[in-house]
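Only one chain is given next, in structure tokens, and it is the form predicted alone.
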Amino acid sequence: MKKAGLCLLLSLLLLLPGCAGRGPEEEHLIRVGFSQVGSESDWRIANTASMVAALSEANGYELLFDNAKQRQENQLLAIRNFIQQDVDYIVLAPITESGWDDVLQEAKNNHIPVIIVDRRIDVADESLYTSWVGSDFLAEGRRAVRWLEAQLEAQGRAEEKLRILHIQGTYGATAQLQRTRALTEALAAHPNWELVAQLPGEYTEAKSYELMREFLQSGQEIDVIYSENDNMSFGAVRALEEAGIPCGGEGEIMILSFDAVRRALELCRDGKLSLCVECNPLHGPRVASLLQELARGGAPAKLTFVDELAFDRAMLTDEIIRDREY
């Protein structure tokens, strides 16, 4: 009887979770908390989709996703929640560069590595984050400036007065700071270039559209719009078209735009945008690669820049636009 009872007890224990060997499907998933800026633009939506696809359960991850809705306080709360939930890694797409020291110190104290994506952060101790993945925004801005210089030279307008309207992204974001810096450098190098106004477009189409409408009512003339992302360019184009003002072509208002999402490339092909400077949002696979390297005990590079191009109407083909992933 005792022997029979013992056998029954052993049989029951074997049926309990953890008593038998785990199959491959039950292996530990890497828990990742991801705090995203928001969903304010086509670029941001594509960036989120790339991260979610790469950090899927099928790929060995449990992703805890938080949309900060463009509020830094939401990101700070999300990171602290991730820490409380004992995630293995934190991925942060920061809204602005400053204000991260305390919360990242908390993550470090809890031995949770942090990967920064897209925008950069300004911290006193760079050991507070493990790696950063993103674009060289200053190089993007300088690429746009070089293109503009070449176009003006080709049109015989290099010495003429050039009036520039600057539509800026969210103040304090790395892309805004660095793309603005590139334009500031260009204005200093070209005394005949005039900055007519700067509009705070906040990376959204709706805000840019309203600001552009108001600006056009002032009657000020412009030759170039330097717009720090595609969605703000879409708003500017809509306002210009409603006002009956042509843009994009030679002799018209030139619009230099950043991100190069499919919709922007289509407008460039159709002659409404003059230049699309690429800012690649597909960071998911790169982040997953960094996480795998960390999981193996490796030491990934501190900074990883993505390769990017710029497109004008002469360069674009239907094939390039069709094959665009975002």
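Model, not experiment: these values are computed from the prediction. Don't overthink the numbering: it's just position in the shown sequence, from 1.
Missing here is the form predicted in complex with alpha-L-arabinofuranose; even so, the following discussion is about that form.
At the 4.5 Å threshold, heavy atoms of residue 272 stay clear of alpha-L-arabinofuranose in the predicted complex, well away from it. Although the partner is absent from this view, residue 66 stays clear of alpha-L-arabinofuranose in the predicted complex, with no non-hydrogen atom inside 4.5 angstroms. When alpha-L-arabinofuranose is considered in the predicted complex, residue 40 lines it closely, a heavy atom lying within 4.5 Å. In the predicted complex, at least one heavy atom of residue 175 sits within 4.5 Å of a heavy atom of alpha-L-arabinofuranose. Partner contacts here mean any heavy atom within 4.5 Å of alpha-L-arabinofuranose in the predicted complex, and among 214-222, 227-235, 183-191, 156-164 they occur only in 227-235.
A heavy atom within 4.5 Å of alpha-L-arabinofuranose in the predicted complex is found for one listed residue only; from 137, 100, 129, 89, this is 137. If you take 180-211 and check each residue for a heavy atom within 4.5 Å of alpha-L-arabinofuranose in the predicted complex, you get just 203.
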